[in-house]
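The chain that follows stands alone, in the form predicted on its own, written as structure tokens.
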């Protein structure tokens, strides 16, 4: 059986789940469900990143030990993914002793290769990102993602990885169409430009951060949180039963703020020890909320729970995956979501199901098993990790046309003999569309299928209209 391995980033526990986390996880879920529908054996990994300076600071503020803080926050992510019906196969935590062991083993191999050495780091560091900054990262000499006070001058002796050694090999891989692993094209060009501009070796340890995995050959230092986090994708396939054959990952899906770690540092580490590289890394853009950057201080952060409460599980899933920010940032908001929900789900899909069910029951229409195939256009869109394009095709080219056909043929004005073939054709086409909708809206797909199986009966309104 063909295998498919998809990962989300592991989310940092100093924050609570929001729509940015949700879009990454939902798209990974859609792809996992799609590959399961194709009959493949799927491994879908998500989890939490629990080490580092930020976690230690937040734990101290809360007056608890770091592990207690992690134990309190991690369930919020699990709950959020349960609310959104995320079908992950395993939820990894970087505080898991099995993960720690593999992190140390992998770093020891890199060290034994002669690719790690000690040096002094002097420069800027963003506490918010837990990231050493280069000139190209800065906006007005500060990190653009966090408040100015989070950018500090840092000077300490660390262990460094010979990243520069692997830059020529990475450029060759990325420039070759057969071996390129960075998508979409814009992000690939961005990484190539940065690699060609010159890359310094990178620190892989911290001297004054106790909350982390000890460096195996130097217990006075801990593994830099980002290095520890990256290894989770590999470690899960080593310590979980029957998962070794899933490496290399078919797809890492992640947001653009962590592009460099996932497309350069991670691959260079793997090259150092001769481990196969992930097949594909897809980097998406950000959500903007009503024209403004998402921010706690502005109070415009949208939580998964709020989406589900307002739109239902599948309504929330549809709205997020149909607005997935691919190459460019996507401007969204609750008001816009209400309009889209009413137009696409209440008026279009919901109304279509309701009309067909009533007419089919009245005319005693019976349906045999429908076709279970993905449209080529949907397959191509999902191969490109573009859930918005896939849904746009289903709604524009299939559901809209079905509604138009009903309005043109007017089967409610016809005799049962003439109405039956029209209704049967429409229902069969609807069920074909429903098969394609299933990875996005699994509960809705099952409900619609049951309505039209065997003896057709009218159904409750699938998507009640929402007042804006």
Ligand code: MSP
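Since this is a predicted model, take the numbers as computed values, not measurements. Numbering follows the first chain given and starts at 1.
Below, we refer to the form predicted together with this ligand, which is not included among the displayed structures.
- Between this ligand and the residues 377, 201, 157, 257, the one pair within 4.5 Å by heavy atoms in the predicted bound form involves 257.
- Contact with this ligand in the predicted bound form, judged by any heavy atom within 4.5 Å, is made by just one of 277, 240, 338, 294: 294.
- Not displayed here, this ligand is kept clear of residue 318 by more than 4.5 Å at the level of heavy atoms in the predicted bound form.
- In the predicted bound form, this ligand sits beyond 4.5 Å of every heavy atom of residue 356.
- Of the heavy atoms in residue 217, none are within 4.5 Å of this ligand in the predicted bound form.
- This ligand is not shown here, but in the predicted bound form it comes within 4.5 Å of a heavy atom of residue 12.
- None of 227-235, 112-120, 367-375, 176-184 except one has non-hydrogen atoms within 4.5 angstroms of this ligand in the predicted bound form; the exception is 227-235.
- The partner is not shown here, but in the predicted bound form the stretch 18-41 reaches within 4.5 angstroms of this ligand through a heavy atom at 18, 20, 21, 23, 24.
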